[in-house]
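Taking the form predicted on its own, here's one chain by itself in structure tokens.
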């Protein structure tokens, strides 16, 4: 227990250091970008009629530091604001804090990407086990071909294809916007039904795009495990088929378990193409708009959220993996 606590504290400490390193890199990258967006914003405010003091204060609110001060001073102010969870104000959403915008967009990405990720993982892993065990049968061949075909289709092609089939050819599902705007938002049946029906196509796009990767990886992993000595020993001992399948699945899923937990961290990056096609107001769409509008405070906040999510998922993966596979603790 003592070793576990020390290891946990060390991992959290190293995670905080990593976040500060990434935040520092983001700060200096913004400052080194062509045209210097901080000075450009300051000059734009001056041209809009603000006094130099007013423009400095406005830029300080947006970016978290005072322009024209020394780089060291700007950096220290930026880190101090960051430790207080003050990410500044958005340039494109005037007067709105970056934290507020990101927190509003995050749930939409969670609905879309997390649901699609879990669905594709469960279906892909199950299909991968069947494809490996039945690899010499028509069923195994069909599953493998389906995984290879879907894995090779880009997300935006899959999204456009599903949108054309189910909203134009057979118009049975809604397209665009996360819900019907004519329905009052709230925890009521019409609104929840609208949310679900509008989420079907984006979630299906993500799930179908990811399904092939899980299937092919699981199939490869299962085939590798099938050649291990303990599987041959279990057959010689006459263990039941269900028990052998449990042994195979437990050992074969370990590499996929790592990929799955890391994918949960990366999901906060959103799925840019899917959210853009279906007009979903998630983090991917937000990041795309912030780049288009050169909204650097919002870009920095989005990158920071993705970094923190990936680091946390790495820490969780490290500890869960050692619980799933006791050999890691040796």
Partner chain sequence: MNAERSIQSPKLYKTAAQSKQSFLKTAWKAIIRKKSRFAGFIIILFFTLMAIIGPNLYPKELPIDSNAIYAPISWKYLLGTDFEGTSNLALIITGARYVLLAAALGALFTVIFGTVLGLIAGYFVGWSDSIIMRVTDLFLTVPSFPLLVVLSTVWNFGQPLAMGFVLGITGWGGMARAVRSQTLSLRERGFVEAAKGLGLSPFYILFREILPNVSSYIGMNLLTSITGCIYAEVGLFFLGVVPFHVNNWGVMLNMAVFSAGAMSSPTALPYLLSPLLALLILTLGIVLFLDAIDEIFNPRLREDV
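Positions refer to the first chain, counted from 1. All values reported here derive from a predicted model rather than from experimental measurement.
There is also a form predicted in complex with its partner chain; it is not shown, and the following applies to it.
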Handout entry: Options 152-160, 99-107, 249-257, 115-123; stretch whose heavy atom lies within 4.5 Å of its partner chain in the model of the complex
Key = 152-160
Problem - Interface residue in the model of the complex among 191, 164, 75, 230, criterion: non-hydrogen atom within 4.5 angstroms of its partner chain - result: 164
Handout entry: Candidate from 44, 261, 54, 276 lying within 4.5 Å of its partner chain in the model of the complex - any heavy atom
Key = 276
Exercise for the section: May I ask you to state whether residue 317 is within 4.5 Å of its partner chain in the model of the complex, using heavy atom distances? Expected result: no
Handout entry: Contact test in the model of the complex: residue 139 vs its partner chain, heavy atoms, 4.5 Å
Key = no
Practice task
Flag residue 168 as yes or no: does it have a non-hydrogen atom within 4.5 angstroms of any non-hydrogen atom of its partner chain in the model of the complex?
Solution key: yes
Practice task
Mark residue 244 yes when one of its heavy atoms lies within 4.5 Å of a heavy atom of its partner chain in the model of the complex, and no otherwise.
Solution key: no
Problem - Residues from 272-291 in contact with its partner chain (non-hydrogen atom within 4.5 Å) in the model of the complex - result: 272, 273, 276, 277, 287, 288, 291
